[in-house]
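Have a look below at one chain only, the form predicted on its own, in structure tokens format.
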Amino acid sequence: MTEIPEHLLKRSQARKQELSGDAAAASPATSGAAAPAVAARAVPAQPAAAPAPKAALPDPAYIASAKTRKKIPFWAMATLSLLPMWAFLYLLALQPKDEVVEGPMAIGAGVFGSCAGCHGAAGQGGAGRVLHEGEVLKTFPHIEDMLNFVYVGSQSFVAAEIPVYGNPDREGGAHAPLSYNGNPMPMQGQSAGGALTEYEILGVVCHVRYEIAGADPASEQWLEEYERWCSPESEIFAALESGATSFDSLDADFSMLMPEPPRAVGTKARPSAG
């Protein structure tokens, strides 16, 4: 076995020491460079922190009030939409309703316009006698006597030498045919030279008695007369209007409706039946 010279061994050891020193010097650099990479792989990057939200400003008072106010229910809108119609119906309800008048009273109201020139629109009198406030009822307590007088007029009483017309026991005195300022009551019936039919005369007499003079059709005194002669259901008026009867035949045709004894109307001047 060949022996290695001592000086070569020393050189070899010195060289190893140099190499060991270089490795030690390089080792910290190498490990220091690798460390960040390992650390980077081991610890993930953290996301950037979001900025802190700004504090919300309080709502103004009017907005806060609107948010807290109770909302209108859906059904209330439908109700409100009907208010105009309800207002219209309410106004209609406030309108005064025209009273519907039928039968003799309706006819008489129209005919009386031709009488108002002498007797006044309200029956207060003028060229003709006062009719209102019960005055005409004092003169004619029975409608048949008034119908006769209106039909024939006062001149027929003068011609027949009948001194008074209507109730001879009238309160305040009986009326003579020409006793009111000498003014006559014109004849109204057609057969006597007037312009009115018999049913029109009945209508205007009913109007005067129950609208102008103030007879109460519901009272015990006037109820029977009103129903027989002046009500919308009056059979006498209907018969006169149709021509089925006349003033001259009423007492015979309607004897079952007349008082006892029957009180005729007639188309000639006659004394009051009392």
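Every value quoted in this text rests on a predicted model; they were computed, and no experiment measured them. The numbering used is simple: start at 1 and walk along the sequence shown.
Beyond what is shown, the protein has a form predicted in complex with heme C (HEC); the following relates to that form.
- The closest heavy atom approach of Thr139 to heme C (HEC) in the predicted complex falls within 4.5 Å.
- Using a 4.5 Å cutoff between non-hydrogen atoms, Tyr199 does not count as a contact of heme C (HEC) in the predicted complex.
- For the chain shown alone, Cys115 is a contact residue for heme C (HEC) in the predicted complex, at least one non-hydrogen atom being within 4.5 angstroms.
- Remark: Ile143 does not count among the residues lining heme C (HEC) in the predicted complex, judged by a heavy atom distance of 4.5 Å or less.
- Among Ala195, Ala121, Ala127, Ala109, the residue placing a heavy atom within 4.5 Å of heme C (HEC) in the predicted complex is Ala127.
- Contacts between stretch 177-206 and heme C (HEC), counted in the predicted complex as any heavy atom lying within 4.5 Å, involve Pro177, Leu178, Ser179, Tyr180, Asn183, Pro184, Met185, Pro186, Gln188, Leu196, Val204, listed in sequence order.
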